Every structure is written in C-alpha cells, then in structure tokens.
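In structure tokens, the next block holds one chain alone, the form predicted alone.
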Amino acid sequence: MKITGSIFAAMLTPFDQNEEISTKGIAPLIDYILSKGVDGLYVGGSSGEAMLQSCEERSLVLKEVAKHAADKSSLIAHVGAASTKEAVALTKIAGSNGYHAVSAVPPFYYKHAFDDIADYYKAIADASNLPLIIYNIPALSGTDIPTEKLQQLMEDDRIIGVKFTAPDLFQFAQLRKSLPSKSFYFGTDEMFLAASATGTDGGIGSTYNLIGDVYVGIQAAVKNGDMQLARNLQQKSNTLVEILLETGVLPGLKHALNRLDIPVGPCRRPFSKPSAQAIAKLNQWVDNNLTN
C-alpha cells in the first residue's frame, strides 16, 4: 500500500482567542498550505497541539479538515494517544471521513513493554483499512524504538512506513536499506536536505505550514542534482528555524501566519506568548521573505 505524494505539512490547529478550536480558521489555513505546492496534510499531530485536546476535539478537527481537503490533497490522520481505546476511536473517525492513511506515536507517558506497543499498533491497524505510518519522535513521546524493533513492527504489511522525527540519520539509513518496500518520511525540518541526500520518500514537518514550497524545492533540487540550490533553500529554512527556537516553534509559526492574515489564532496554554524581541526578529523575517 502506498499513499500519493511526498511532502506533507504537519498541520497546525486554529484556535480562537478563548483557545477553542476555530473551525472557520481551518479552510484558510489549508488553502494557504496547499498554495505552496505541498502534496498533503498530516492532521492532528504534535504541530496540531493534539495532545492538548480532548478526543472529541481531535475528532472535530479530523472531520473539518476532511470536509475542505479530502478531494484536494492526500490526508494522513495522526491518531496516536496514551490509550489504545482513544487511538482506535480516532482511527475509525479517519476511516469514515476520507483519510488516505493514519499515523500514530507510540502510547506515551507510561513506560510500556514492546509487546504492548506492538499490540497498540495492531489494534490501530485492525480498526480500519487504512495504511498505517509509525510516528517515531522519541524526544517528545519518550519512547525510542530501536531499529530492530521498528523492523519487527513493519513486518505487518498494513504498516507502510515511518514518520521519522529524530536526528539519527544512521538509523534512518539503516531502516531504508533493510526495508526498501516501506516509505520513510523525514520530520526534522532543519535536516531535510541531509535526509534527502541520504534517501527519503518525503518529508512531514511543522514549518511546511508556512514555507512548504521550500521543501518541495529541496526535494526537486536534490533529484535534479542542483545541490547549491538545495543548500540555499535549506539555509532559508534554517534561518527561520533559528528564529522559531527563540519564539517557540508553534507560537512563532502561528504568529507568522496571523501576520499573513491566515487566522490561526494563539496556541493553547500552557504555551506562552513569545518575547517582544523574538517577535521583532520573526516579523522582519516574514516581511523580507513572505510579503509582497
């Protein structure tokens, strides 16, 4: 099983000023993201502040995105949760709303045995006919699945690959070499060129909400052998990432999009507002790079 496309924005979730989900903000954000040439959307993941939402809120977001984008792009629903029951419920929502694949972080907070993690992924796969992508992000999930265990999980034909959000390009290359029939999407935006040179099936990232065309360009430049262009584009990404590390990645991205009149609102607390100094740097970058 394969899904169409290679560059997916890890979509933000619009909120209103009361930190409630803004359904009216979803369509403008989708239209902006897709205008940058990306292939699809990864909905309800880390960038979408999903772990700060109830299961009902996450279901609402999945449904609303599908209403606007199911016929416009490839859609991957992130359904990972602390409990298998919640992950399965979200998987069923994705399956009945036109999603093309699901993805999931390992069950988090508690330290689970590998067999329990494997059962969790099996339950998700059993809950729909959709292909499943493991979301490997040990820095946030707290679970670092070793290479051999990832290989073991992917013996299930319904698990088509991995969203790999980690800096370990050696492990990434090992997985690619040992599992040539699977798909590997890189999720560390500031290292996308390195992953592309190593060999990747695409990328899924948070800054793709704002500059998805940069990653489309890097992928094309590597394919065409134009490494200088690829380096220039990666540097554009890295300059933005450097500023976002000062603002906070998600608060900074939301501020930049709001500045472009894409109404995504604030982040949900406990995220805090960026400092005035960091915002000034971000405003200058946006004005120099994204406004006419």
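Sequential numbering from 1, following the sequence displayed. Nothing here was measured: the structure is a model prediction, and the numbers come from that model.
The same protein also exists as the form predicted together with ligand MN9; that form is not shown, yet it is the one meant from here on.
Ligand MN9 in the predicted bound form is approached by Ile137, whose closest heavy atom lies within 4.5 angstroms of it. Using a 4.5 angstroms limit between non-hydrogen atoms, Asp213 is distant from ligand MN9 in the predicted bound form.
For Gly80, no non-hydrogen atom is located within 4.5 Å of ligand MN9 in the predicted bound form, even though that partner is not displayed. Looking at Gly203, you'd find every heavy atom of it more than 4.5 angstroms from ligand MN9 in the predicted bound form. Residues with any non-hydrogen atom within 4.5 angstroms of ligand MN9 in the predicted bound form fall in just one of 171-179, 118-126, 104-112, 188-196: 188-196. Proximity to ligand MN9 in the predicted bound form, taken as a non-hydrogen atom within 4.5 angstroms, holds for one residue of Val249, Leu257, Ile26, Leu233, which is Val249.
Of the residues given (Ile30, Cys267, Val241, Ala66), Val241 alone sits with a heavy atom within 4.5 Å of ligand MN9 in the predicted bound form. Contact residues in stretch 6-24 (any heavy atom within 4.5 Å of ligand MN9, taken in the predicted bound form) are absent; none meets the cut-off.
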